[in-house]
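Below, in C-alpha cells: the form predicted alone, a single chain.
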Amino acid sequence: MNVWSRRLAGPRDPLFQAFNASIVEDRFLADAEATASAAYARALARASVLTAAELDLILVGLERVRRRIAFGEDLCRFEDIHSAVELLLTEEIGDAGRKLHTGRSRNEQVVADEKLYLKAEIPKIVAAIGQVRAAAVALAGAHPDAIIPGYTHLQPGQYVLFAHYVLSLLGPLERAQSRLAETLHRLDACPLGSGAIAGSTIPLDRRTLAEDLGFAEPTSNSMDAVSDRTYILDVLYALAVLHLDLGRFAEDFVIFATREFGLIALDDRLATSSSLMPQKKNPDIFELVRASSGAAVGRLIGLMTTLKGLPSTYNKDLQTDKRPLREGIEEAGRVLRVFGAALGFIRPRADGPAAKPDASLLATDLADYLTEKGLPFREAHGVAGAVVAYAESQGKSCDELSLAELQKLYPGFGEDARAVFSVRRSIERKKTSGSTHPDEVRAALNRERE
C-alpha cells in the first residue's frame, strides 16, 4: 500500500514493490514519526490549515496508531513508516487524517525522524560509556599496588601500575562522549517545513515547530535539509572510533590472559571453553568486542560510499541509511554493556611476571642513574644497552651482575648502582603528572570518582 498509487496506471509489480519498500528497515522510527507528525499537525493548526477539532482528532488518532505499532501491528503492506503512520491514521479517524500531509514531504520527514531518534538514543550511549568508565575506575581501585610490564611494539618496555594501565582507557572513553555530544549539537536543527526540496506554500512557523520537537532551531536551507546525512556519518564515525578503542583494549586482555603473558586471570563466569580441548579457557567475550570494530567501520565506509557523488537533494539511495544507523546504535549499546560488565571479571595475576621481575626492563632507570651522575643521556643510553647485552651473553639477569662487572662496562658505576634494579623504586621515581607514580594514579582515580 502506498500514497501515490493514482499517479501510475496498473498494479505495481510485486518484485519491484518489495525492492522499493523500506518498511522492514525503517519501522524502528515509528515512535519518532508519530511524534513528528503530532508536532506538524499542531503547526498546521497554527497556520489555520486544520481546525481545532481536526487537530484534536489527529492527535488522538496518532496515539492510537502509536499503540497499534507498539503492540506489533503488521506493517508489511506499507511502503515505509511514513506512509504507514499516515494510512493507519486515516483508518482510525477518516478524512481528517488525509489532511496531515498538507505541505509535507517524506524527504523532510525521514530526516526529522532520524534526528529525533538520535536525540533520544545518543544520550543513552553516552551514559553507557559512563558506566564503562565507572567499571574501569572500580577495577583500577581494587588493585592499587599491582604491577605489570608496559608494552611498546608488543615488547616489554617499563613497569607500570596495573591501575595506571586500566585508567588509560578513560581518555578514549571521554573523547567518545565528547564526539557524540558534538554530534548532538550539530544535528540539532529541524528540517520540517522544507517540503520536498523547495519549502512549503503553507505559512508554517518553523521556529515554533522546531521548538515543539525539542530542536534548537530550524534548518536554514530546504535543499540541504532533505539531502543531508552527515549527521549519521558523524554518529557512525564516533561509534567506529569507540569500537576501535574498545577493540584495542579487548586485544590486550586476550593477550594478557594467555599463559605466555599471564598478566591477568579471567573469572570462570566470563570465560568459555572448547568443545574438543577440555583444558581451554577462552576469552570469547573480548574477542567478540574486538570483532565489533570491523562491523562498525564497515557501516561508516558503506554509507560514505553510498553518499559519494550523489546528485544534490533527495535520491532513493538515501533510503539505505536506516540499517547502518539502527545497527550502529544498537550494537554500540550492546558492546558497551558487555565490555563494562566484563571489566568486573578480570584481575591481575599475583603470580604473573611482576612477581619475578625482569631487570632488563629497568635499563631506562639505569640510564637515568648515569645521567644523574653527569653522563649525557645518549651516552648513558649506550652504556645501559651494553649492560643488558653483556648480561644476556653471560646468561644472567642485569641485577645479578656484580659491581665489578658493571664497572668493567663503565667505571662511573658506584655502590648505589644496584639499587636501580627495583621495580617499586622505578615506579615511585616517576615525577610527571599523568605518570604511573602511585600518587598520580590515586589522583586520577579521585578525579574520576568525583
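Note that the coordinates shown come from a computational prediction; the quantities given were computed from them, not determined experimentally. Start at 1 with the first residue shown and count on from there.
FYI, the form predicted together with a further copy of the same chain isn't displayed, but the following is about it.
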query: Contact test in the model of the complex: Arg98 vs a further copy of the same chain, heavy atoms, 4.5 Å; finding: yes
query: Distance check, Val383 to a further copy of the same chain in the model of the complex, heavy atom within 4.5 Å; finding: yes
query: Partner contact for Arg179 in the model of the complex: a further copy of the same chain, 4.5 angstroms, heavy atom; finding: yes
query: Contact label in the model of the complex: Glu91 to a further copy of the same chain, heavy atom within 4.5 Å; finding: no
query: Triplet Val160, Val289 and Arg378 all within 4.5 Å of a further copy of the same chain in the model of the complex via a heavy atom; finding: yes
query: Stretch in contact, per heavy atom within 4.5 angstroms of a further copy of the same chain in the model of the complex, of 116-124, 233-241, 70-78, 136-144; finding: 233-241
query: Selected contact from Ala363, Leu213, Ala128, Ile346, since only one has a non-hydrogen atom within 4.5 angstroms of a further copy of the same chain in the model of the complex; finding: Ala363
query: Any residue of 297-315 that, in the model of the complex, places a heavy atom within 4.5 Å of a further copy of the same chain; finding: Val297, Gly298, Leu300, Ile301, Gly302, Met304, Thr305, Thr306, Leu307, Lys308, Gly309, Leu310, Pro311, Ser312, Thr313, Tyr314, Asn315
